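Only one chain is given next, in structure tokens, and it is the form predicted on its own.
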Amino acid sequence: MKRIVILGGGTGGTLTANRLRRVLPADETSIVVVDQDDVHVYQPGLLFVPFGLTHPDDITRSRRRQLHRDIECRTSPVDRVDLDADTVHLADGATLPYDVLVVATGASLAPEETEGLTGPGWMEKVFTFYTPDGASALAERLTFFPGGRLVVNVVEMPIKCPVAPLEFCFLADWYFQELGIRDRVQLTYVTPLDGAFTKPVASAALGGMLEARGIELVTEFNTGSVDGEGGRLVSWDDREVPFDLAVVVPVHNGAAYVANSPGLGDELGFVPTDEHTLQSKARPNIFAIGDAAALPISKAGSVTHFEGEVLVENIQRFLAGRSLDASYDGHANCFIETGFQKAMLIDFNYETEPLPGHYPGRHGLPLLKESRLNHLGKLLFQSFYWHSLLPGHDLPGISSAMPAQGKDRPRADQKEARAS
């Protein structure tokens, strides 16, 4: 019997396990999912917690209960992977030999890597909404925020869901208007990027939205330290941004065990992976999915969803001794909540940046445009996540490949003008 070991019971690990269980006979293949706890958080929902729009209990479920009954679930941190022996060593002393290994342990927050971030002022004047505890503490703080300068800071890229800090800014603008104190709050978005986003067309659109809402944009700011007591962000080149309240997105790394597994990961703990097959560059019987993979694409849940189809096909091909499918094109899309019950949608891949138009076709959801329909789509996605995406079901009309239909592509002269 072949054994597939999946490290990580989050989005990528869960959907991969369930998809594999549906296509591989249980009497020929065993599937084991390993995670350090039994708490599965719907991470897009964390954005809404600080504004009282949801609660961590409403976006949290048991990992085990998301898995098919014929999938073994082990609860233990991973100590290391022995690539030569094809064995996973768990922190509880157990070992798991494997024929195929899937690394799906996502990205981990590393606030300790930024000087002062978790020092004086942490969870008093300095918060993050990227954890349930942080989002809940920030919700309480915002309730009693009298006004002043609120700074949203991305310390370093890559991060999970790169648009989430922008969404926080837009929702904060809405939130303080609802409270009637927007004129007493100065909102500032501080990013290491040279614009609001990584892709030019979307960056221009999102930057324009920040400006229209009176949200200051500070670019190319590489945070070196956070002075919680003094209320200052300090960059490596000694620039300063003062704050009364800071919402910080900390440094992200791969899982800690990757560093204990020679040859598995890069210097950040992410797994170098073939861009199109999702096969690890370390060993042919290792694959990576989602935030754990070192790929030139956003670390977002939609990426994991689109990767899953190709990954499961390739694990089947690998076990059968067949050549792999190199069809994953870097497809990603994101709903961007913009406040006032509206949202924007972007859709892109390795080669195509976010463009205006509609998704998934000419009569679909509007792209790069605020709409009530996109807002409803973002809200409905939570149900889709639990009941369709995690169980590994296909969504009719939605495939791993980015649809070209429906996008308004710029003319050649417009491309040349932007390039110059």
Partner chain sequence: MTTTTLAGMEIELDDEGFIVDPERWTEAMAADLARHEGIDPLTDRHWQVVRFMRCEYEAKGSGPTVRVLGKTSGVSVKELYQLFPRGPAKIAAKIAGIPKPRGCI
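Every value quoted in this text rests on a predicted model; they were computed, and no experiment measured them. Numbering follows the first chain given and starts at 1.
Below: the form predicted in complex with its partner chain, not depicted.
Of the candidate stretches 138 to 146, 211 to 219, 186 to 194, 334 to 342, only 186 to 194 has residues with heavy atoms within 4.5 Å of its partner chain in the model of the complex.
Although the partner is absent here, T304 lies well away from its partner chain in the model of the complex, with no heavy atom inside 4.5 Å. Although the partner is absent from this view, P296 contacts its partner chain in the model of the complex, with a non-hydrogen atom inside 4.5 angstroms. In the model of the complex, at least one heavy atom of T198 sits within 4.5 Å of its partner chain. Its partner chain is not shown here, and in the model of the complex it never comes within 4.5 Å of any heavy atom of E72.
Taking a 4.5 Å heavy atom cutoff to its partner chain in the model of the complex, the contact residue among N253, T128, S261, T277 is N253. None of P162, G106, P111, G134 but one reaches within 4.5 angstroms of its partner chain in the model of the complex through a heavy atom, and that residue is P162. With contact defined as any non-hydrogen atom lying within 4.5 angstroms of its partner chain in the model of the complex, the contacting residues in 217 to 239 are E220, N222, W236, D237, D238, given in sequence order.
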